[in-house]
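Given next, in structure tokens, is a single chain: the form predicted alone.
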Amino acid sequence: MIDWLTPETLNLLAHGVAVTIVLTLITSASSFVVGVVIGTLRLTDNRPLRLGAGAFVEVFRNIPALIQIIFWAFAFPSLFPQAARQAIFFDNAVVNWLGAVTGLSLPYYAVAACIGLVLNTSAHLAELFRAGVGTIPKEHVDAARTLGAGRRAVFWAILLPGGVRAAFPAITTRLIHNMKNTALVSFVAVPDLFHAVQGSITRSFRAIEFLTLAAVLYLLLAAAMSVLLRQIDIRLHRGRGRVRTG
């Protein structure tokens, strides 16, 4: 066995990988839902909603994810008086329950990290979904409306599935990027993989070895995620001709 990979270090890294996977699943699923909702609002005839959705995309897409994570973790709670801040973010039934379930000493920081990642990723996904809807032939929508389908039926039957199918290769790339962005949560003391690697380097002073190991682990996670999303892409296109991916 490699001498710098002690049982304690392996447990730390395994826990970090588990946290990274959970963060990826939560933020990817949430970002997809929020992205579709915002992308849909970008297409609405309601001008205030359309402008609001556009502002959401421009703001959260162009602010770096790290800044958003740090803002929600540290700056946002500081807007509240000290007593209220403690009660709202760090000492209440929900936060205490999250701490008991996850084992995190400061679960709010993990929640803040998820908020930052979801806002950033969903803003990108909203534009990808909107572009995907734009590839749907107008004749399909017109034909459905001619047959008596209302706007809601057209959205659920044509625009939503068609937009997701068309945009899914680009969505895949963005979700994998979101997984890599989870490394940023280590800056707010969330014990993910990169945080575990940083701790291991501090204990052993073997930066090259642990950073190389981190690179390999992230490559493996990206490869596994790519395979999973590829299978979803295939299912989305089943019966609709050959799947084309970017």
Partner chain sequence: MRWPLRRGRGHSAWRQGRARRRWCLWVAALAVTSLAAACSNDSESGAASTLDTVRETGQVRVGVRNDNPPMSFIDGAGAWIGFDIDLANAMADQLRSELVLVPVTSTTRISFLQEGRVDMTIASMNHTRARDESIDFSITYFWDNQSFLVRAGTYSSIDELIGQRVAANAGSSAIPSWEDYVAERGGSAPEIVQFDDKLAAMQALRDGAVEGYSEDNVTLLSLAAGDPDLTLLPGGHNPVQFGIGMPENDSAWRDQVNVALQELWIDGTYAAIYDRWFEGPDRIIDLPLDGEIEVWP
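Since the structure is predicted, the reported quantities are computational estimates derived from the model, not experimental observations. Numbering follows the first chain given and starts at 1.
One more form of this protein, predicted in complex with the partner chain, exists but is not displayed; see below.
In terms of contact with the partner chain in the model of the complex, the residue from Ala170, Leu98, Val111, Ala144 that brings a heavy atom within 4.5 Å is Ala170. None of Leu160, Ile115, Ala149, Ala166 but one reaches within 4.5 angstroms of the partner chain in the model of the complex through a heavy atom, and that residue is Ala166. Using a 4.5 angstroms threshold between heavy atoms, Thr102 stays clear of the partner chain in the model of the complex.
Not displayed here, the partner chain is approached by Thr212 to within 4.5 Å at the level of heavy atoms in the model of the complex. Contact annotation for Arg50: none of its heavy atoms lies within 4.5 Å of the partner chain in the model of the complex.
Contact check for Ser226: a non-hydrogen atom falls within 4.5 Å of the partner chain in the model of the complex. Taking the partner chain as it sits in the model of the complex, the stretch 73-98 comes within 4.5 angstroms of it through a non-hydrogen atom at Phe74, Pro77, Ser78, Gln82, Arg85, Gln86, Phe90.
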